[in-house]
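Take a look at this one chain, the form predicted alone, written out in structure tokens.
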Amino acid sequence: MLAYIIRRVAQSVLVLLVTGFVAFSMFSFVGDPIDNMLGQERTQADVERLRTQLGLDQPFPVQYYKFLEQAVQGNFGLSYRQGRPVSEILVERLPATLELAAVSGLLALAGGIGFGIFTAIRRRGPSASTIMTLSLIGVSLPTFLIGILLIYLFSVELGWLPSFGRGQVVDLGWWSTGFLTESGLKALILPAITLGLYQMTLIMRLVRTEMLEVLRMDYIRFARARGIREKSINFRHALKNTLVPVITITGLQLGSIIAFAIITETVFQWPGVGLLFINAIQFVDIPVMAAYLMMISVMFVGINLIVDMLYFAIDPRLRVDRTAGGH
């Protein structure tokens, strides 16, 4: 077990280094930040002086090494646009993204697993058929289009929910939350549904497929022959074995919720790190772009690492195979 954890951690660190290198190298093609930071009255001397202050006159390997050295210490430099520490800006924006991702993840998990179990058990019923038909909307339509449709229906036509922003928030130290205000909760509904709908439909279909396969197993038939109640068979025997292969896919989907929140935040003007990244691209704010991609990479790799550990702990076949392979 320890050797497996060490190996996975080493692979995760390697992935982060490669991701950081690719992301940092791509930023050299998005434009010159000096053009946005200095006005038209600038002189060549002003350009050279600012380029030296920002370290842009140094070779790319040197810039990347300094970026990694500072990033390990939690220092991502100064924003070219705002002139403030990037870490400070991320701390201000991160609560909005994490709250949106948390609510969307809970919606995807609860709805996906619940509807997946229901459509598997009641697979011949009209309600299950209706749910499967409606789930095609979440799979087929792109996220931004779902958000626009929800805004049109619930904000423009019905006027029930706000179409943009985060609503009123309450500051709890460095953390700002909208959970404690009515406007904050209302503002969270549409973005959370938009972000979690696609993940929920994928999880639902996966759970349904896996559970139908498990219900055809011989030990399920044997349990029915022994007279065990159908409820006990479905939830104590079938569901437990269904969730083992679902864990990996679910972990990937939860990671993608954080990564793809950028689209939802843009549609709803949600003041999170995703919208911050879009604005940073427009102004060629390289420190903010690099910090955002590194932060998302750390979250994504961390979630996958946790999922791998859970998968290894839950599925005894992996432990048996690795023990046998070691001997």
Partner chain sequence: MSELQTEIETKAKTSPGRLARAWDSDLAYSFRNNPVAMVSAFVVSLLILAAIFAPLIAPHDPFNPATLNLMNGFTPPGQANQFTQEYFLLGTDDQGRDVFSTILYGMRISLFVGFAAVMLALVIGVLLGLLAGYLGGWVETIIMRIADIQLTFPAILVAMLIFGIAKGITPPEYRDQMAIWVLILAIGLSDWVQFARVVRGATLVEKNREYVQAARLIGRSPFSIMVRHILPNVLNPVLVIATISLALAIIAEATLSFLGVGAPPTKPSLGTLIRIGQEFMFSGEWWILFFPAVTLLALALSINLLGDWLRDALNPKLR
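Model, not experiment: these values are computed from the prediction. Residue numbers count along the first chain shown, from 1.
In what follows, reference is made to the form predicted together with its partner chain, a form of this protein that is not presented.
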May I ask you to check whether S140 falls inside a 4.5 Å heavy atom distance of its partner chain in the predicted complex?
yes
Can you tell me if M309 lies within 4.5 angstroms of its partner chain in the predicted complex, counting non-hydrogen atoms only?
no
According to a 4.5 angstroms non-hydrogen atom cut-off, is L68 in contact with its partner chain in the predicted complex?
no
Using a 4.5 Å heavy atom cut-off, state whether T266 contacts its partner chain in the predicted complex.
yes
The one option of Q82, N241, T177, S256 with any heavy atom within 4.5 Å of its partner chain in the predicted complex is S256
Which pick from F144, W160, Y219, F235 sits with a heavy atom within 4.5 Å of its partner chain in the predicted complex?
F144
If the criterion is a non-hydrogen atom within 4.5 angstroms, does every one of F60, I189 and W270 touch its partner chain in the predicted complex?
no
Its partner chain in the predicted complex - contacting residues of 271-294, heavy atom within 4.5 Å
F277, I278, I281, Q282, V284, M289, Y292, L293
